[in-house]
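Take a look at this single chain in structure tokens; it is the form predicted alone.
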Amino acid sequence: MNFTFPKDFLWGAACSAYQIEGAWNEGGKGMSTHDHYARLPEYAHYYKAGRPDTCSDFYHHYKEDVDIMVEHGLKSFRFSISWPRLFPDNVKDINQEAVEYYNDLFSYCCEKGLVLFVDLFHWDMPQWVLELGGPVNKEFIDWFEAYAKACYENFGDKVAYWSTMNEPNFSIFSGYYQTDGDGAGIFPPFENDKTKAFTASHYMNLAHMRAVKLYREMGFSGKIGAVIDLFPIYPYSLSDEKDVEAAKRRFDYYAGKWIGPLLLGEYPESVVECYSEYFPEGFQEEIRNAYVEIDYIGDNYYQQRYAKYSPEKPYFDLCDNPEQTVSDKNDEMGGIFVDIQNYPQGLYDIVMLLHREYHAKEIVITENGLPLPRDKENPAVPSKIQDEERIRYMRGHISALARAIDVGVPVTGYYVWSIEDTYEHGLGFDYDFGLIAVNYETMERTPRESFRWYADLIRFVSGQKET
């Protein structure tokens, strides 16, 4: 294997407005769904480890943070626009203070030579959208298109890569139903309604396609796609055909309901077979008629999962890895991050699947990272700076990408999650993903050893001859 990467490979780091920006009630920003629900006593348990009010205060520290990125050789920065900051009250009245803020931020990134990768929707929906029915209301498609148009008009000349949505399994589907098991969703509005979950997912798919079509019609030269949390589902037993089929069905349920429409223009057969009753009438035809090709697919990769046959519809059950040992596991965190493991083979396998079965013409690894726990006695103080575990994690996954590229998989970028310590839904500030450590009392920034290692890697591969 040649440990080489394309000359223009996007070496970056990622984060979202919702998770580092803070300034939740400054600059004319409106209420997000999280701002709203985090203040309701009956939902306090979802936010017991903290609220996304200040976070790492990127809103006021972005120049300092961008300077650190550039000093460490990053080629690209992935971030998101806060929908409730741009449209705090309705679909028509744009917040000019937000326009100025994002223009200043994006201009500064461009001046420093960073390629901008921007998500339109990364978990922070305006509360006014939800109060009008949210993604269960078909008008959501129109509201999202209007929001996307404003973003393109104001920032389109600065952004090279747009993503319409990030991990909609959480922010869309899991608002109404659990993606694993049965029961209420873990995101606002925390409902338990499978019909709403699939309806919302369908309308998000249609909103994505409308936003892609609009971008093309407006004549921009950048690229546009979507970011999904994709990981391989392995059968409990490779020798049992029923388990093999169960793993495929499980993948279709979790990932296929997104990448089927996004990459192939239709829902998988097993999704139609098992879940049609929960979708709006004529859903498959709607997707086929609305389909617009995307330029790339973004993958947030953290783990692999396993499934086995079940005699009852939908004919699969999740199960444990039959070969897992205690040493394979990172930390039992609970919440939305369960059993994050250092398993680079899974990253190799999922990009191979996207290449061979979904014919993705460009794949970007939009998130990949490892959390380390903070000291609960001193929660403001970041976890250790000498983070050897994260270096091992990154080295293994980047090596897996090198193998995939070597056999012809069109992977064009890798973004570490995250650029700095974050607020994580369900985990608050208890765990650190950041290349940059943040002290939440002083807001002092300290690059971790993993960032220094990443900088050395970028310099090494960038100095190579073009592959």
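Here the structure is a predicted model, which means the values were calculated and not measured. The first residue of the shown sequence is 1; numbering continues from there.
Beyond what is shown, the protein has a form predicted in complex with a small molecule; the following relates to that form.
> 400-408, 417-425, 60-68, 36-44: which one contacts the small molecule in the predicted bound form at 4.5 Å, heavy atom to heavy atom?
Replying inline: Residues of 417-425 come within 4.5 Å of the partner.
> What is the one choice in Trp83, Phe77, Phe173, Trp123 with a heavy atom within 4.5 Å of the small molecule in the predicted bound form?
Replying inline: Looking at Trp83, Phe77, Phe173, Trp123 one by one, just Trp123 meets the 4.5 Å heavy-atom criterion.
> Though the small molecule is not shown, can you say which of Tyr302, Tyr309, Phe283, Tyr101 has a heavy atom within 4.5 Å of it in the predicted bound form?
Replying inline: It is Tyr302.
> Taking 4.5 angstroms as the cut-off for heavy atoms, does Asn166 touch the small molecule in the predicted bound form?
Replying inline: Flag for Asn166 set to yes.
> For Gln19, is any heavy atom within 4.5 Å of the small molecule in the predicted bound form, or not?
Replying inline: Yes, Gln19 is a contact residue.
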